[in-house]
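Single chain ahead, by itself, as structure tokens, in the form predicted alone.
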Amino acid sequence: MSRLTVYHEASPELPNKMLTHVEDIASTLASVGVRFERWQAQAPIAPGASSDEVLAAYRSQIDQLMSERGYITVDVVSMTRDHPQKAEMRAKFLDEHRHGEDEVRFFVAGRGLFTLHIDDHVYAVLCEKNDLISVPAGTRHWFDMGDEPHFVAIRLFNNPEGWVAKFTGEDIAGRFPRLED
């Protein structure tokens, strides 16, 4: 189940609120400029589906997003519990960073925890299958795929180089809860 937990940045042990209804999550995130939606595949996706099959199943939504926001690159990322570099991949995203472009992820399978640091609040968004999140350019955030990662996500970019992070050097990410497996 998707979940949004909101904290004051000075109180990682005490959430201000926890939301589980998609409409409440979406409206709370929209108030700080973050897009959160629930999508459904236009075609069934079998376990182990190829990137091409995943993209075909969501082609209409992808095309709509690309045309309305000017994204030029789309790909599929898949991480499994038995991936030989899962620890290195997890560590790559765990520190607070920003991007010069929106970070758009649509979860086709599994889950991941996007944590956003906006003004003096921290928004921990547990994204699961069928969740789309679009984090605006310049937003401080980090991502946790957990110790035993399992997810497939469609990623959209308006930078042909793909994922390019600018790390803040702050240690805030280590003070907030991680994704529990």
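This one's a predicted model, so the numbers in the text were calculated from it and none came from an experiment. Position 1 is the first residue in the sequence shown; the rest follow in order.
Keep in mind that the form predicted in complex with a small molecule is missing from the display, and what follows is about it.
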Proximity to the small molecule in the predicted complex (heavy atom, within 4.5 Å), stretch among 117 to 125, 25 to 33, 52 to 60, 149 to 157: 149 to 157
Looking at the partner-bound form in the predicted complex, is residue 87 within 4.5 Å of the small molecule by any heavy atom? no
Would residue 71 sit within 4.5 Å of the small molecule in the predicted complex, counting heavy atoms only? no
Going by a heavy atom distance of 4.5 Å, is residue 101 a contact of the small molecule in the predicted complex? no
How about residue 109: is it within 4.5 Å of the small molecule in the predicted complex, going by heavy atoms? no
Heavy atom distance at most 4.5 Å to the small molecule in the predicted complex, all of 77, 105 and 141: yes
